[in-house]
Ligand SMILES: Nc1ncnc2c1ncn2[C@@H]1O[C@H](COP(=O)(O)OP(=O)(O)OP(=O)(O)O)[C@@H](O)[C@H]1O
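Before any questions on how it binds or moves, here is one chain, the form predicted on its own, in structure tokens.
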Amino acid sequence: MGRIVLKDIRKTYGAVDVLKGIDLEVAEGELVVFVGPSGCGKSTLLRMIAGLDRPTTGTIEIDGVDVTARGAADRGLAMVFQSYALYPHMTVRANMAFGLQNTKMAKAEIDARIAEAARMLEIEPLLDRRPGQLSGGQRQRVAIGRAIVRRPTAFLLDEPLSNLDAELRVSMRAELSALHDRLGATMIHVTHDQVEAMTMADRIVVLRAGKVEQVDTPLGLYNRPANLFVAGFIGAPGMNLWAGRAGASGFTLDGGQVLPVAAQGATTLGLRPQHLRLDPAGPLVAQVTLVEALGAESVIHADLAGGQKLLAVLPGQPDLARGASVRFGFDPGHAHLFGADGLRAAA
């Protein structure tokens, strides 16, 4: 159980169109991540699925049943919020039990579900503490545990890791992925962090300005972005996107450098920073403006002739000084080509 289907979901606030016709199917047991820049509509879409808000038009189906007009309590879903939303005066045990008690569930069943969730999340020693006595990561585990005990049709997670520090975010996203594997439950996770999306998702839904730009697996998005927006948004650091024109000899950058790439009809060429390498005979000549030495790798910022920016991620600690003229090479098979309409072009 847990198949969710959205058909032509639109949401309008006054004259503002927030969601502009979303069609999406989430398979049973799938972990789908909604990602996009602030204001793209990802949290609004999650609220529509949760029943916390109603679409202006369109339908929402859960396991083949139209639930568009149903309230949140009647959809069988559990939501985990960014702010944890725990009752500060209650113990962890009481917070996890509260929703089940409201359904008149037997105490023995409630206790069994809490024990099972606490064991799964490794929060058994915390059950008699209050939220104010917990760290951010512990509070997030409790919020997830409160959702687990309900045994919902699907879990909805609204930026649950954004309040955590960087190190804890890394460990918590690994825990959430492992939890998804153990439960086998449908999960929809909203985040603005594309690295979080790449590491957790079965599929990613990339949103911009209320529209779906592309739906694919993480590596599908990385290897074959459908348009310029997805190309620039997915991947860290972001893809180099250089303007130019296609010709018989290859792709000519606006600064005049010719790259050996078959590029019929293309007006933009993309290369990921990780796919550039130092090459004394390489076709890309750039002047170094900044070197970020990170130890295991170095991030090189440079300017191409004509003023376009180049970003390269190189292994190790290359000896490059600011102002140095450097040549870069690449495998033409790693090039991404886009037409004047911003869509992926045929190679």
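Sequential numbering from 1, following the sequence displayed. Quick caveat, the model's predicted, so the values are computed rather than measured.
Omitted from view is the form predicted in complex with this ligand, to which the following refers.
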(request) Considering this ligand in the predicted complex, find the one stretch among 64-72, 288-296, 312-320, 42-50 with heavy atoms no farther than 4.5 Å from it. (result) 42-50
(message) I'd like to check something about Gly306: if you look in the predicted complex, is any of its heavy atoms closer than or equal to 4.5 Å to a heavy atom of this ligand?
(response) no
(message) My question is simply whether Lys211 lines the interface with this ligand in the predicted complex - judged by any non-hydrogen atom within 4.5 Å.
(response) no
(message) Even though the partner isn't displayed, in the predicted complex is His275 close enough to this ligand, meaning a heavy atom within 4.5 Å?
(response) no
(request) Examine Leu24 and determine whether its closest non-hydrogen atom to this ligand in the predicted complex is within 4.5 angstroms. (result) no
(request) Could you check which residue among Arg203, Arg150, His192, Arg93 gets a heavy atom within 4.5 Å of this ligand in the predicted complex? (result) His192
(message) Whether Tyr13, Val18 and Pro37 jointly form a contact site for this ligand in the predicted complex is the question; each needs a heavy atom within 4.5 Å.
(response) yes
